[in-house]
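A single chain, nothing else alongside it, follows as structure tokens in the form predicted on its own.
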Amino acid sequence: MADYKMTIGGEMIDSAQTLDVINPATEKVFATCPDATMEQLDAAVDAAQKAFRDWSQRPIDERKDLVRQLAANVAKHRDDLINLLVTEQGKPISNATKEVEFTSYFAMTTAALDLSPEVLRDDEQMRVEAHYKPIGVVGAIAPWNYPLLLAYWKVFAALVAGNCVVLKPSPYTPLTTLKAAQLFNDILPPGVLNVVSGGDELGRWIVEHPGVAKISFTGSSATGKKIVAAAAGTLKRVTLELGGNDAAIVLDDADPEAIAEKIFWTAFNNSGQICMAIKRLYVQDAIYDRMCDALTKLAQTVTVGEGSDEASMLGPVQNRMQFDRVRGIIEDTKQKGRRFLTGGDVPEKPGYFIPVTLVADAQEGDRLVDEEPFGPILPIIKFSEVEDVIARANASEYGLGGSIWTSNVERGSELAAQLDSGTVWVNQHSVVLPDIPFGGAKNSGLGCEGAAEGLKNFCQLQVVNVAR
């Protein structure tokens, strides 16, 4: 097995205990990673605190230049990172390629953001400026669906803002994150970026650690609530990007055949394991059957298989826990007597494979509609009145994203403003870019990532008020 180590204070560090890493396409252990001790976390936080003294004082242009060098290093080692992503996460080669390329692009875009002081008032009485100061040590906790991109998007923003980082990858997908840190070690000063691997207990230690000033977390809403409670003792700043149950509303003036491909891949890309994927599809009754038919035809062309097979368009669900959850939702849907257009039968073979599953005539009250499946299954729900469907979409405890699909863009924009979501799209969905802020409403999160607004989430606001 390859040797994967943690990065602490610029050194490659092992641990006496290890965690198995499973290939979700085979269910076999193919590598191990260190399982950090509390003492090793203390060392990582201490290294970050010491590095912060110099890093925070460096001109921001120097910090940006180093982040650009990180982007170049990702591009240089793209093949190694792609292969590792495919094996530990399960996604097809094409998806892994996009993730690696997006990671480099996100680094470059983040390095172009501005944190200059803002003049709030300038008159004969006073000049008032808003300054954005680094906070200190950022504890970044990353998920398993996009283990490289979502981990390092946090890191790039934190570093540009002048912070140092202790990063924890998911125990399901730690290897790409650990590998990237090793690639970055010759670029960044020791202690600026530390990566420690371990299970849920390590995450709790990071959140509670008195030397960590801010937590940036992407993951489930249930875990996000625990983080808020645990961070309260030290009044840590917290940014949370949590779960979603995004509703897409298709109005009867839309063309089902023209929009089916966009809707399908927004729901099923990465095997549905995207927080802002379409997870509830509401279709107006006049075009309901056409929409169902168009999506069914697309689903029948999709190949599900090992990510390493270039013919695969979708890979397995990433881990056993998520696999069992999606299977449970499928069984509940069958018991409700809903109509399966495709899928629904999980193959008895190695790997966490679930076929593309489309379910017609689902209703609120079904687990499939009320919960976030986070897998390759989509309910298609019929509606008649627009006012009613807006209310039904908003009834969810989540509020990450939503979309309106219509030939009347002006009407779509008006209806979009009525959805209780952090982001609402018209005639598209899941378009997230590093120069546009992204965050959730309700149980879908606190704060935002991306653009200047996201960068400021890694800063302490300081108002400088000078009397004339």
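These numbers were taken from a predicted model, which means no experiment stands behind them. Numbering starts at 1 and follows the sequence shown.
Only in words, not in the display: the form predicted in complex with ligand NAD, which the text now covers.
Novice: In the predicted complex, which of the listed residues (Gly203, Pro256, Gly305, Gly344) lies with a heavy atom within 4.5 Å of ligand NAD?
Specialist: Comparing distances to ligand NAD in the predicted complex, the residue within 4.5 Å is Gly203.
Novice: Which one, Asn95, Thr218, Thr177, Thr103, lies within 4.5 Å of ligand NAD in the predicted complex by heavy atoms?
Specialist: After the contact test, the surviving option is Thr218.
Novice: Based on heavy atom distances of at most 4.5 Å to ligand NAD in the predicted complex, which listed stretch, 363-371, 71-79, 156-164, 222-230, is the contact stretch?
Specialist: Selected range: 222-230.
Novice: Under a 4.5 Å heavy atom criterion, is Trp405 part of the interface with ligand NAD in the predicted complex?
Specialist: Because no heavy atom of Trp405 falls inside 4.5 Å of ligand NAD in the predicted complex, the answer is no.
Novice: I'd like to know if Gly199 sits close to ligand NAD in the predicted complex, meaning any non-hydrogen atom pair within 4.5 angstroms.
Specialist: Yes, Gly199 lies within 4.5 Å of ligand NAD in the predicted complex.
Novice: Although the partner isn't part of this model, could you tell me whether Glu241 comes within 4.5 Å of ligand NAD in the predicted complex, counting any heavy atom of the residue?
Specialist: Glu241: contacts ligand NAD in the predicted complex.
Novice: Could you confirm whether Thr87 comes within 4.5 Å of ligand NAD in the predicted complex, counting heavy atoms only?
Specialist: Looking in the predicted complex, residue contacts with ligand NAD do not include Thr87, since no heavy atom lies within 4.5 Å.
Novice: What are the residues of 117-148, in order along the chain, with a heavy atom within 4.5 Å of ligand NAD in the predicted complex?
Specialist: Contacts from 117-148: Ile141, Ala142, Pro143, Trp144, Asn145.
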